[in-house]
Structure formats: structure tokens, C-alpha cells
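Below are two forms of the same protein chain, given as C-alpha cells: structure 1, then structure 2.
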Structure 1
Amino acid sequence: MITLTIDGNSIQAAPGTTVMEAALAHGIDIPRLCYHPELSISGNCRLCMVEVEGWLNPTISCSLECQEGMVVRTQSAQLTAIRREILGLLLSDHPLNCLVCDKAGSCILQKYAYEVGLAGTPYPVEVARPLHQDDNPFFIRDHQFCIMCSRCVRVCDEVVGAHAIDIAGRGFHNHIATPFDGPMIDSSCVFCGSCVQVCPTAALLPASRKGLGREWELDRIKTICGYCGVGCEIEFAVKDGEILYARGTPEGPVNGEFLCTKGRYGWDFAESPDRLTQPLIRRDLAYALGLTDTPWALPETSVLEVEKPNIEDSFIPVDWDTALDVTATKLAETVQTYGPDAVMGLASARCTNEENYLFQKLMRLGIGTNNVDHCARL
């Protein structure tokens, strides 16, 4: 292990560990924009500069490997001045409309400008990238907010492997682009939204949350994604009981902060008006069981052939105890009359591994059949 000192704290780090990694691991925050723990080192924002005792000039900490006996300072008057200068240059090419920006409250550029007391920029303001692209249903690309940190490019290449975007152009007018600046749908993008997840500003935003609330107004609810058995941790941003968007969390033990397309964008079923929220029993069975006084018979046209059937025409709601009693009774009668292979179980890919395990156990041991399938395979 290597022993070094950061801001007066004696720290031990493994060989090959960077000063940034060692500092963050011990609760020492170093300002950073282009750095992300899951991505390769870019070093283009220069905001993470630190002073090393015995070195003539400050250097960036994200690519600086720890050395034995190194003494590092992450805060000083000189470093604050450097960071103010860097942020001032970034803000000269960035709209200062935080009052109406959807990312206000979670924008990292805004956070660091506040920390160094920078209300504006001392340089002439000229936005080089005015392009606004709303060409897909998942996220919006607003290039005027882009600070060219390249996080989105790196996550698309290194984590997702889609290589859908890259830096195009040169100098002041460079920008993040698909091939020939075409629509995102025509690129190799898989719409996983990982680029949106790592974007530090409002350059990339979920389309579902545009104009629907400020970040500090949103409640955060962590749960497990219901789309497959991997068990990814997912966090929903909720306002007034409605989901605005989903994202991963760095603490997620399975997935970290990255999600697939279904996990990040496929949550609208939770608020679908067609979603069943209580058990239903078909009206003819309900009449036979004395749960309703209205007789009913199956119509000649199958409900499955009706484009938008009214569920209340064929079913009545019941409580869970009644539904479970009826289901258990009918299953037992069917098995006794026709044998266990007359029954089939269809599980859901939106259940957890544990729930599906119990379901197949019920079918195989409780009922005695191997007729088990699930919706994701059909």
C-alpha cells in the first residue's frame, strides 16, 4: 500500500490508484465535471486540479497516480482562482437561464459555480452550439447546455458499446453528434439512456420530465426493476404521485447507475388506465357462486376479438380472500377430475426471481405438473 497525505489526512491507497479515487474513497470531494468513476479518464475539464508539495504547477488529479509520501492539497486560494477561471470560460458558452432550467438543483456546473461564488462570466457570452434536437420519444438533446465533457461519448463506447455518438467539428464549434448529425433513430443508439444518466448539465434530459417540475420538488423512490430477473436497482423521480423519469443509482449492487432501455423508459405500465388493481371474477362464475344476482352467459364473440373491451361487461371485482378461495377450489377440482397436466402456469418476467421460483414450485410440487412458462418467452 502507498501512504500519502491529502488535505492533512494520512491516506493509504493501492498502487495504481489515482489521487481522485483516493480522495473520494476517503470522503474528500474534489470538483470535477468530466470525471466519472465508471468511465475512462478524459481530463478535459481541468476542474479537478490539485497542488502537490514540491511540484511547480497544479495538476489534474483524475489521472495523477498516488506516490509514496505525496502531499496533496485540494483547496487553496490558487486552486479556487483557477476553478473560477475555468467555470467562467464554460459559462461564457452556456445559457445562464437557471431560473427556468429543468436541471436546476442537480446541475453539476451550477453546483460548482455556486461554490466559488460565480454569478456570471467575465467573458463575452457566445453560445456556439444552439442545436436543439427532440427527435426521439426518450430524451432531448439541447446542445446549448453541453460543456463537451465527453461523458456521453465515453459511456456509449465503453459501457454500452453502441458507438452511436462522437465529437464532431473542431475548436469553438465542435459538438456531440450522430453520424452526419442525423436523427438518433438512424444511428446505432439503443436508447438505453446511459448518456442521459451521466450528463452533468441539461444537455441531455428525459423527455418525460420536461417542464414538469424542479429537481428539489421530486420525491425519490428506490425499488427493484420489474422487467427481468437480474434485479437492477432503480430510482423513480415522482411528483404528485406520478412517475416523471427513472434512473440508476451508484449504490446499486447489480447494475450501478446504468439501466437497459426497458428499465429506464418502460415504466409507463405502472400508471396505465388498463392496469388491474384488484381481482376480478367472470360474471357467469360469480352468478353461480352467488356473488351477483344478475345471470350472464358468454357472448358469441370472444372478448379477445374485441379491440377495446369493457372489462366490467364480463367481470366483477371481488376481494382477495374470495379470489384466492375460488382459484384454489377450481384448481383442486380440475386436478382431481382431469389430472395435474390439465393445468398450466404462466409466470411473469416482471416478477422477482424469488416470486417466480415460488410459482414454479407451486406448479411442480403443489399441483404436480411441469407445464410452466413465462410471458417474456412467448
Structure 2
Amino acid sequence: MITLTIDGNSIQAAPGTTVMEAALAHGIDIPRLCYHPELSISGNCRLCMVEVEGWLNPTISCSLECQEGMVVRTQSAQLTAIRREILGLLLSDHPLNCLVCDKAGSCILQKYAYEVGLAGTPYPVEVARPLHQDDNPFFIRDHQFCIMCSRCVRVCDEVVGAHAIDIAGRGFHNHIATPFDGPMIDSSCVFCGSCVQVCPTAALLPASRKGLGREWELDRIKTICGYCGVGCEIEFAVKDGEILYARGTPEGPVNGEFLCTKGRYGWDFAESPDRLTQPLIRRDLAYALGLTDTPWALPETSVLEVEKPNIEDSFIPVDWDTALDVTATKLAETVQTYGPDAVMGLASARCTNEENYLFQKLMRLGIGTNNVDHCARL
């Protein structure tokens, strides 16, 4: 272990640890824009400058390895002046749209500008990257807000492995680009939204949230993804009972901040108008039970040939008590007439443990059969 001092605290760090990592691990917050704990070091924003005793000039801490006996200062008048300067330069190329910006409140550029008390830029304002690309229903790329931290490029390459985007152009005209600035769908993008997740500004925004709510108005609810068996934790941003967008958090025990396209963007099925909203009884059974006067028979054509089933054609809505009573009666009749093994139950790999437990208890204890399976095999 190496011992060094950061802001007067004596800190132990394993060899190879950077000053940034050591500081963060001990609750010392160094300003940073391009650094991300899950990504390689880029060192392009320069905001993470620190002073090292005995060194002539401040240096960036995200790429500085801890050394025995090193004495580091993360705050000083000189460092604040440098950070103001850097932020002023960034803002000279960034529209100050905070009044209407969806990212306001969670924008990291805004946070640091606030911390150093910067209301604008001392430099002439000129937006270098005017490109606005709204070419897919997953996310919007608004390049004017991009600060070229390259987090998106790194996450796409290093974590997702898609390498759909990279830095194109030089100097003032550099920007994040798909091949030939083409639409996302023509690139190798897998629409996982990891780039959106790590973007510190509004350059990359979920399309679903545009203009629908400010950060501080949103409820945050964490849950586990309902799709595959990886079990990623997702944090939903909800306003008035409606989901505005989804994201990962560093605390996710399996996935950290990362999700796939289904987890991050595939939640709108729940709000589909096709959802079942009330119990239904098929018309022939309803007729037999005296719930309707019109006789009916299930058509013989395969259900797969029905392009879009119309619920009213085949079912009538009933209340819960009716539906549950009919179900219990029919199951009881089957057990009494043909024995418990004439009933089978299919549980669900998409329901909870509690639900599946109760389901197999119903089949084994209530009905009295081991005919209980699910599509694990399938």
C-alpha cells in the first residue's frame, strides 16, 4: 500500500490507483467532466487539476498515479481560477439554454458553473457544432451542447463493444459522429443508450422525455428489469404516474449504470392501449352461464390468422367476483369429475417468486396435482 496525503487526510491506496480514484474513495470530490469510473482515462477536460507539493504546475488527477509520500491539494485559489477559465471556455461554445433545457438540474456542466459562480462566459460566443440529429425514437443528438468529453465514444467501444460513434473532424470542427454523420440506424449502434447515460450535458437525451418535465419534478423509482435473466436494476423517472425515461445507477448490483435497449427503452408496452383492463368471459361460456342472450361459437380458423384480435368479438367483460367464481367452479368440477390430474397449470418465468410459489401451491395443495410447469425449458 502507498500512503499519500490529499487535502490534509492521510490516505492508503493500492499501487496503480490514481489520485482521482483515491480521493473519490475517501469522499473527496474533485471536479471532473471526462472522467468516468467505468471507462478508460481520456484526460481531455482538464477540470480535475490538483496541486502536488513540490511540483511546479498543477496537473490532472484522473491520470496521476498515487506515489508514496505525495501531498495533494484539490482546492486552492489558483485551482478555482483555472477551473473558472476552463468552464468559461466550454460555455463560449455552449448555448446557455438552462431555462428550457431538459438536463437542467442534472447537467454536470451547470453544476460546476454554479459551484464557481459563473453566469456566462467572458469570451465571444460561437457554437461550433450546430448539428441536431433526431433520427430515431430512442434518443436525440443535439451537438450544440456537446463538450467533447468523449465519454459516449468510450462507453460505446469499451463497454458495449459497438463502436458506433467516434470523434470526427479537427479542432473547432470536431464532433461526435457516426460513419459519414449518417443516421444512427445505419451505424453499428445497438440503441442501448449507454452513451445517453454517461453524457454529462444535454447533447444526448432520451427522446421520451423531451419537454415533459424538469429533473426536480420527477420521482425516482428503482426496480429490476422484467426482460431477460441478467436482472439489471433500472431507475425510472416518473411524473404523475407516467414514465418519462429510464436509466441505470452506479449502485446497480449487476449492471451498474448500463442497460440494454429493451431495459432502457422497452417499458412503454405497459402503457399500450392493448392492455387487458378487466376480466373477460368468452361469449360461448357467457351464453351458457346466462350472461348474454346471443349464442356464439369459437371460430375454427387458427387464432394466428387473426391479424389483430378484437376483444368484444369473442368476450364479454365481467367483474372480478364473477370471473373468479366461474374459474373456481370450473376447476372444482374438473377435479370432481376427472380427478386432479386432469388439470394442468402453467406458471410464468415472468412472474415473481411469490406468485410462482403461490401458483404451484394452488396446483399441489388446492387442485392436488404435480402438473405444474412453466416455459423454463423453452
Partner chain sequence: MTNSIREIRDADCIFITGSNTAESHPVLSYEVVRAAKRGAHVVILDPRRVPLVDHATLFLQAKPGTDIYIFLAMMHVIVREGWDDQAFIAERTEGYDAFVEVLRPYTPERAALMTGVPIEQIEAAARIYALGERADGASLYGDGRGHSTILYAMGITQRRNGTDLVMTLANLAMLCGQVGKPSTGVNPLRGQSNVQGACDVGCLVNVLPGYQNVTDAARRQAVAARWGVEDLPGAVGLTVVEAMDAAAEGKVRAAYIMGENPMLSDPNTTHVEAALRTLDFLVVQDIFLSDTAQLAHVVLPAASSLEKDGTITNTERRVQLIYPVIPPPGVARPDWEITGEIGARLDERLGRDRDPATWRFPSTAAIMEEIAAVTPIYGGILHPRLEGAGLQWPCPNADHPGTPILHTAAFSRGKGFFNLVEAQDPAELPDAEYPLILSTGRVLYHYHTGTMTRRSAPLNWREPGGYVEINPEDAAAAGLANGDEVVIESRRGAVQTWVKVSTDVPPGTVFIAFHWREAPANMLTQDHTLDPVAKIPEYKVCAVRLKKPHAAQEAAASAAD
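The term rigid core refers to the most C-alpha atoms you can superpose between the two forms while keeping them within 1.5 Å. Counting starts at 1 and follows the sequence of structure 1. Just so it is clear, the model here is predicted, and its values are computed rather than measured.
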| Just one question: which structure is the form predicted in complex with the partner chain? | 2
| Hey, does residue 213 budge by 2 Å or more at the Cα between structures 1 and 2 once the core is superposed? | no
| With both forms fit on the core, has residue 292 moved 2 Å or more by CA between structures 1 and 2? | yes
| query | Is there a C-alpha shift of 2 Å or more at residue 276 between structures 1 and 2 once the rigid core is superposed? | reply | yes
| residue 351 CA shift between structures 1 and 2 in angstrom, with the core used for superposition | 3.8
| In Å, how large is the C-alpha displacement of residue 315 between structures 1 and 2 after the rigid core is aligned? | 4.6
